[in-house]
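This document opens with one chain alone, in structure tokens, the form predicted on its own.
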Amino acid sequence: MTVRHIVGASVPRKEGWDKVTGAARYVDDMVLPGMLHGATVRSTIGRGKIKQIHFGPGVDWNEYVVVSAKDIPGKNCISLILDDQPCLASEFVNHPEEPILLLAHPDRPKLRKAVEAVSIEYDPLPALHTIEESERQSTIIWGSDNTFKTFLVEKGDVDAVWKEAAHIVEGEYLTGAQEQLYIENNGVIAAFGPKSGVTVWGSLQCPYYVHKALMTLFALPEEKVRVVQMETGGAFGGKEEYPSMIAGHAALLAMKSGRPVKIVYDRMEDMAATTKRHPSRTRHRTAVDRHGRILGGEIEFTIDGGAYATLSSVVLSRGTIHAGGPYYWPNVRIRTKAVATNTPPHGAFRGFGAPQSLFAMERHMDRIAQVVGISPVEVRRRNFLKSGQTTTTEQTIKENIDLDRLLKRALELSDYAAKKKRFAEKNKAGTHRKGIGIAAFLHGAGFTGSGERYLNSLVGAEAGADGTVRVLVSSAEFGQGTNTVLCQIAAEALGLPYENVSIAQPDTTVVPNSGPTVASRTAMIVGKLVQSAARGIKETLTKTGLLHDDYSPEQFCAGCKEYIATHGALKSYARYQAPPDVYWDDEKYRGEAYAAFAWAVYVAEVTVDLTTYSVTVDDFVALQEVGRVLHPVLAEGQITGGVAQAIGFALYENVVWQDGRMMNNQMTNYIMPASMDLPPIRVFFEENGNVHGAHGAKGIGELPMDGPAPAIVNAVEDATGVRFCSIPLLPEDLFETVRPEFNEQVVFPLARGTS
């Protein structure tokens, strides 16, 4: 076989031509004969008992299909982990925007009027809207603790370290909710037949999540539920679990009407009703010696889960494991919990809990440096994990990672030392202050702990008589490059041209369950299985004597043609097998949390304007070790996009809540960074390889969400000398905190026309 090195090359995207030419078909492009449009009637209060539903005048209700909870043939829940979230509220509502009724009509514009004509009477009940309220009042209001999940990590003897400490450093750090703000809103089309069952076409990440939820909702066997992923315009975790809800709604309307039903949210509904990043609070109490080395400490990490559990337990899990950062903790106790509030449920978002706990860790490292009297660079260098040491969960670092070298390179690339000196001199006067900050962090690739064992993912590859090969996975493409990278891996495994390999549209009647497209697992976990499945086709042809060494694509084609003519379909499957040296103890919550970590050091340069109290990120260096870069252009794009999204998390994106409802659910008042707000984002890679990933790949998609926020806020503190412990860091926060510090030092120029 002639080796063709496709992996590592920036080949054209598989779906790129269709997207550029407009041939790609999204859910809202799809029309089925006799199709109705669906809409949702939602709760307007945070918590209460439903007394009565009124269908108002001015609407011919005979024209409408109306679905309530009593129309559900199976279990009234969105099946996921705890199955606590109803598909439709029947007696009580627990958050604003909770679905209560569904309406369908052939004319989409008429639906809005009908939704507005439905009024619901409630007996209001007390509601909780913040972590603090939930902790303080849940037993009083609800009569019980309302904690969804807790974790405890213990290593060493934490209680013994306090008396040995030269310094005990404490801090509390807060992060807010964040909207995924994908380009394409949530949307599905559903059809129902008594014999065929339910079919759903949707904009989604995880076809088999939706499949499972529909089986439960309709009490149907798996062969009577079909889920097809359409072209999906962005997701970022926001289309991981929520599509199960909208799919269930469309399918219920389709069942009752006997006609296909399309539901596509407008932007306001999508922002107000769907999941967001979990708000968080982290408390650190750390014992350090006089040199700034960590002796041990306690970390408390709490997230706001919203009204129902959704994925809060696994978001909490990742946040827990990442809470200690890339540092060696000889002794540590990490207590974490996810609490319920009466807001719409929070859910998956790129980074999945790690951005929250790592923000706290990296801000706290700068605080330790201040207390000890050493630089932010030096405090990290003295505490970095090294090969052979153990993480907070007692996982031994077996890979050859040199964080000192990674840090040194990042500092050189950013010209950190010279800039820090220059900025300190210039900051003595004027209305603009410059600062530079760093963050070091890690991100585990794949499902946490024993998650991959439980998933037991299956991947397939199928050869055609024309010598082409089709990859069979449920992994979804939504802009990140899944289709391209998996085809690269298969093509190289088979020695075929990249053009000879395609990927099947995710359809649960066609592709096996290779697990959800989440957790930075696609290239590493699924990619490795694709590599094995592709090699299985080659081995089948070799064992039957139809293929020999150093074959050409033409010879491969001839072998496939002869095999299929004689034996039928030529398919190969590979199922995940956990590495023998990767073991996680669920009960004790310790062990190998991830088969591999990606590592990074980021450097942010900022300007703080003391006239407008705004922060501008002027330059950003992102250096990461990701095992192996499979597609340089896509890899750089993932990092650039993640950094941009994290700049929004740090400085711009503020969800305004009122009684549990998002009030700024429009793109005119939910502010995110535009291209003019972004700095040059300079992306650099190191590649150490990874025995557990295809061609040495690790996860890459979530990593860049973790580090920018703390690097930026560290830089703001460097510029102003004022400590900030929460994000988003808005101009009004700077005004309230920085103004008293500088109003005697800065002489502001008079505005034109004043005296």
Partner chain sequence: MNPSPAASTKCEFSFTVNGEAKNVLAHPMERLLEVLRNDLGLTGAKEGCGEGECGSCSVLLDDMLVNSCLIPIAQANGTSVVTIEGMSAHSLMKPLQESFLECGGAQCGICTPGMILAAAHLLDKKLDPTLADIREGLAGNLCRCTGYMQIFEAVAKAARGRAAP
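Bear in mind that the values here come from a model prediction, so they are computed numbers and not experimental data. Numbering follows the first chain given and starts at 1.
The same protein also exists as the form predicted together with its partner chain; that form is not shown, yet it is the one meant from here on.
Go through Ile564, Met672, Ile374, Ala160 and name the one with a heavy atom inside 4.5 Å of its partner chain in the model of the complex.
-> Checked against the cut-off, the match is Met672.
Among Gly233, Gly197, Gly296, Pro512, which has any heavy atom within 4.5 Å of its partner chain in the model of the complex?
-> By the 4.5 Å heavy-atom cutoff, the listed residue in contact is Gly233.
For the chain shown here without its partner, which stretch in 166 to 174, 467 to 475, 640 to 648, 498 to 506 has non-hydrogen atoms within 4.5 angstroms of its partner chain in the model of the complex?
-> Every other range fails; the passing one is 640 to 648.
Is Arg267 close to its partner chain in the model of the complex, meaning a heavy atom pair under 4.5 Å apart or at it?
-> Yes, Arg267 is a contact residue.
Counting only non-hydrogen atoms and a 4.5 angstroms cut-off, does Asp60 reach its partner chain in the model of the complex?
-> No.
Consider Glu184 of the chain shown here, and say whether it contacts its partner chain in the model of the complex, taking contact as heavy atoms within 4.5 Å.
-> Taking the distances in the model of the complex, the answer for Glu184 is yes, it comes within 4.5 Å of its partner chain.
Contact test in the model of the complex: Pro109 vs its partner chain, heavy atoms, 4.5 Å = Residue-level check for Pro109: yes, a contact with its partner chain.
Considering only 6 to 38, what residues come within 4.5 Å of its partner chain in the model of the complex, judged by heavy atoms?
-> Sequence-ordered list: Arg13, Glu15, Gly16, Trp17, Lys19, Val20, Thr21, Gly22, Ala24, Tyr26, Asp28, Asp29.
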